[in-house]
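A single chain, nothing else alongside it, follows as structure tokens in the form predicted alone.
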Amino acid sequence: MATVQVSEAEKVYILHGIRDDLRVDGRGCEDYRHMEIETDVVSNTDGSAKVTLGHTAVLVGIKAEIGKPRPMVPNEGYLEFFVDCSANATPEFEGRGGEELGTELSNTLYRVFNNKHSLDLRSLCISPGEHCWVLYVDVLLLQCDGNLYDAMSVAIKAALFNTKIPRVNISSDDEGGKEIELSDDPFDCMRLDVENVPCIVTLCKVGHRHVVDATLQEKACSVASLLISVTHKGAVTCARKVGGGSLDPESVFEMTEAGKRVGKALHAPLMALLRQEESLGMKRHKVGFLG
């Protein structure tokens, strides 16, 4: 993970500000930085989105391909995650550092999103035990200024909302085998229900308080962080502690409650923004991932 060096004087300044619910950039402890979301930014994918959170930028592309269901769940499709940490985001992502972080991020995303509570995986099944849709989710970290997990989760939810899967027709051939035909009509497609797809809220323990959407400077003052994936109803689907420090039970409870509040409040405006952008159709102004 990208890090910065912070002097003792800077640490004291940051700690005292957070103690009084006033962070360096003027936010409260449970406030996010300015967030920008754009969908349908990569033309050769079935769904894509770019999210900018402060100076953290994440690009997500989703490709749907026909595969074979897993033996344990023959009537469900599944998701595969790959995270690419661009060396342009920070020099620490060069070589093995970027690969190890990418694997760690991919494993966490798999735990959060690839389950029946987050997405209706049964809707991805074409023919039980034989064919299903596999969604390959590619995440590219373009810039890193802290809080990667939250930015990635919002980008993945936006990309899943934007994903259009071709309609499938199954017919039998003369020998009794099954033939799969995909619709050529771009408007004859299946959309995913992303209402229950969770968003990750990362809370960093700084001093005796915790903050949401920590910058790299605040992260340097933090002893440990708690990742919480929260649905639109405020239900926690996954929790994970990261960092070398420890969290006492009271802190974990307070951070969990704060994460549920923040996560629940994040979903409604996010879904409203995605629906508003889609309603504009061809009229909307495209910036693109190089903008």
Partner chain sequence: MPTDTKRVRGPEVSQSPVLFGCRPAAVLPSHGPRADGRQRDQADVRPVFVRCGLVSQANGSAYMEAGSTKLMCCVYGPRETERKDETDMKCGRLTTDMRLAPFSCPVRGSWIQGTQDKDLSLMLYESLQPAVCLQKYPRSQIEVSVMVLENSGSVLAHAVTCASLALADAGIEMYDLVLGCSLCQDAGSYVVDPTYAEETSCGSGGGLTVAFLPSLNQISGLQSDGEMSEETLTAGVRTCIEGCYKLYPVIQQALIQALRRAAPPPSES
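Everything quoted here is computed from the prediction, not taken from an experiment. Numbering follows the first chain given and starts at 1.
Below, we turn to the form predicted together with the partner chain, even though it does not appear here.
Review point. Does at least one non-hydrogen atom of residue 241 fall within 4.5 angstroms of the partner chain in the model of the complex?
Key: Looking in the model of the complex, residue contacts with the partner chain include residue 241, since a heavy atom lies within 4.5 Å.
Check your understanding: Does any heavy atom of residue 131 come within 4.5 Å of a heavy atom of the partner chain in the model of the complex?
Key -> Residue 131: no, not in contact with the partner chain in the model of the complex.
Exercise for review: Would you please decide whether residue 257 lies within 4.5 angstroms of the partner chain in the model of the complex, comparing each non-hydrogen atom pair?
Suggested key: The answer is yes: residue 257 has a heavy atom within 4.5 Å of the partner chain.
Check your understanding: Is residue 250 close to the partner chain in the model of the complex, meaning a heavy atom pair under 4.5 Å apart or at it?
Key -> Result yes; residue 250 sits at the interface with the partner chain in the model of the complex.
Check your understanding: Among 67 to 75, 209 to 217, 135 to 143, 153 to 161, which stretch has residues whose heavy atoms lie within 4.5 Å of the partner chain in the model of the complex?
Key -> That would be stretch 67 to 75.
Exercise for review: Please state whether every one of the three residues 63, 171 and 182 places a non-hydrogen atom within 4.5 angstroms of the partner chain in the model of the complex.
Suggested key: Looking in the model of the complex, the three residues 63, 171 and 182 all stay beyond 4.5 Å of the partner chain (heavy atoms).
Review point. So which of 167, 191, 111, 122 reaches within 4.5 angstroms of the partner chain in the model of the complex, heavy atom to heavy atom?
Key: After the contact test, the surviving option is 111.
Review point. Just one of 53, 59, 226, 266 has a heavy atom within 4.5 angstroms of the partner chain in the model of the complex, so which one?
Key: Selected option: 226.
Practice item. Taking only heavy atoms into account, state which residues of 105 to 121 are within 4.5 Å of the partner chain in the model of the complex, ordered by sequence. Key: Contacts from 105 to 121: 107, 111, 114, 115, 116, 117.
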